[in-house]
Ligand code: HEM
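As structure tokens, one chain now follows by itself in the form predicted alone.
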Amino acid sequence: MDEQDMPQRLVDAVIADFPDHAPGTRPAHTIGLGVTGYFRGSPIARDYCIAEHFQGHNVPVTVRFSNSSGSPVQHDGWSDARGMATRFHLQDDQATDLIAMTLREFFSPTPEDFLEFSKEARPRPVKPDPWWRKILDMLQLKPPNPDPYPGQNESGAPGSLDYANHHRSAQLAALDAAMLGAPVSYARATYNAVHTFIITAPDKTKRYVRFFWQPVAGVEVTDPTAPPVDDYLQGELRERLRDWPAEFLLLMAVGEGGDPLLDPTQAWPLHRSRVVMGMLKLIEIPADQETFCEKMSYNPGRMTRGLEMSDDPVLAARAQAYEVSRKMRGGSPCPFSKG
């Protein structure tokens, strides 16, 4: 397989998972909402990393919350992953991005595996499994297929779970996805960057780390027994910000010897050292969402001094695929981008 073709193939594979995908929109995480605010590094953050946004002053941010689907149809109440893309606006027209999601792991350890997973995850006709099938799946320690929502005739969940049943690397993410639920608010979910990054301290010590956002308001999901609501997340966030900022802590787990540094399908032990790197305060939703949200092009490979990508092959492929996506949908190029 030609590695130069891989980014385009990844984007095409994601689009193929959503037959009603609208050209000119993001291949995945199509429906989203942009919010502005600021990030302030904690007093200890500067001891771990020399990156500008960890030096203790207010750094403007633009955050895009999103549903994971590439469909233009909004289903806020469905159990699914949510996204949180953060742009840190640095000095001299520079920037760095952090892309996170509510899943704690990725589905594939390599780009080639992700292509195979995407093929299996394409929607297929669904109907509720009989009770005996659910019991059999549980006895075999398999996550049962979720029942379709009212009016849902096709789903990629059965194919995703079947793929996971035959590929150990996808099992943690598949089980996580099956148990996510729907958040009551974009501001009440934990978002994980899943990949490993390398930070540089003032004494030039380098550390392998993983980042995640923890909501100050706490994590809460909707009642799974209640009928799902299609459209509430954006309205809820607008109402929330009228009264008070939405706040997140940026936490950083520090890797140790033996940790799977380059495999995003494997979680690190929960007892790894965790450092509070700063506080995010989200204040306002810009009226011009097209300019300040939909045309903005986030990229997980957009780094800055003191912060590097690891050699995770999926992270490298995602960085290239995001640029392909930007060009396909006419996203605004960044003046500081090398591309």
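Keep in mind the model is a prediction, meaning the values are calculated, not measured. A residue's number is simply how far along the shown sequence it sits, counting from 1.
Although not depicted, the form predicted together with ligand HEM is the subject of the following passage.
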{"property": "is_contact(residue 195, ligand HEM) in the predicted complex, heavy atom dist at most 4.5 Å", "result": "yes"}
{"property": "Contact label in the predicted complex: residue 83 to ligand HEM, heavy atom within 4.5 Å", "result": "yes"}
{"property": "Partner contact for residue 88 in the predicted complex: ligand HEM, 4.5 angstroms, heavy atom", "result": "no"}
{"property": "Any non-hydrogen atom of residue 298 within 4.5 angstroms of ligand HEM in the predicted complex", "result": "yes"}
{"property": "Selected contact from 99, 209, 164, 250, since only one has a non-hydrogen atom within 4.5 angstroms of ligand HEM in the predicted complex", "result": "99"}
{"property": "Proximity to ligand HEM in the predicted complex, single hit among 61, 28, 275, 285 (heavy atom within 4.5 Å)", "result": "28"}
{"property": "Complete contact of 114, 322 and 325 with ligand HEM in the predicted complex (any heavy atom, 4.5 Å)", "result": "yes"}
{"property": "Region of this chain that lies against ligand HEM in the predicted complex, out of 71-79, 100-108, 212-220, 180-188 [heavy atom, 4.5 Å]", "result": "100-108"}
{"property": "Those residues of 171-189 which, in the predicted complex, come within 4.5 Å of ligand HEM by heavy atom", "result": "none"}
